[in-house]
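Only one chain comes next, encoded as structure tokens, the form predicted alone.
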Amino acid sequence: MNTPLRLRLAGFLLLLAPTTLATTPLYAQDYPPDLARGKAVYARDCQSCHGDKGHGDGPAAASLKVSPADFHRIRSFLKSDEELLRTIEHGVVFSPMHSWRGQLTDGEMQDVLAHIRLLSQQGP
């Protein structure tokens, strides 16, 4: 939905039921990602395995039985945001990629996803 239409719809709904909108929950995806926070979360929690540029070559990667994802490879690049968020949130079975649910907020997961997308678009 484009922004002007979204704003008109929001205004219309506000006229119809102002008390309903006040109780509608807000979700992380309702806000634009914070790239600075995403970079900080990545540096703190992801970089040791995935590397500073996202090539899966972080200092901890050598000791892992399953290699961390390289965000520059086509397999990672083509995953949808929903798939990547699911991986961050729930982890990957039989791999060192554990669940971050309960350790990161929904907003932090959205932010780190935005940083991962930025890394995947940058060169080596």
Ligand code: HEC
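Given the structure is predicted, the values throughout are model-derived calculations rather than measurements. In this text, residue numbers run from 1 along the sequence as written.
Just so you know, the form predicted together with this ligand exists too; it's not on screen, but the next bit is about it.
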Review point. Is there a heavy atom of Lys79 lying 4.5 Å or less from a heavy atom of this ligand in the predicted complex?
Key: yes
Exercise for review: Determine whether any heavy atom of Val66 comes within 4.5 Å of a heavy atom of this ligand in the predicted complex, and answer yes or no.
Suggested key: yes
Check your understanding: Any chance Leu35 has a heavy atom within 4.5 Å of this ligand in the predicted complex?
Key -> no
Point to revise | Partner contact for Asp45 in the predicted complex: this ligand, 4.5 angstroms, heavy atom | key: yes
Check your understanding: Of 90-110, which residues get within 4.5 Å of this ligand in the predicted complex if you count heavy atoms?
Key -> Val92, Ser95, Pro96, Met97, Trp100, Leu104
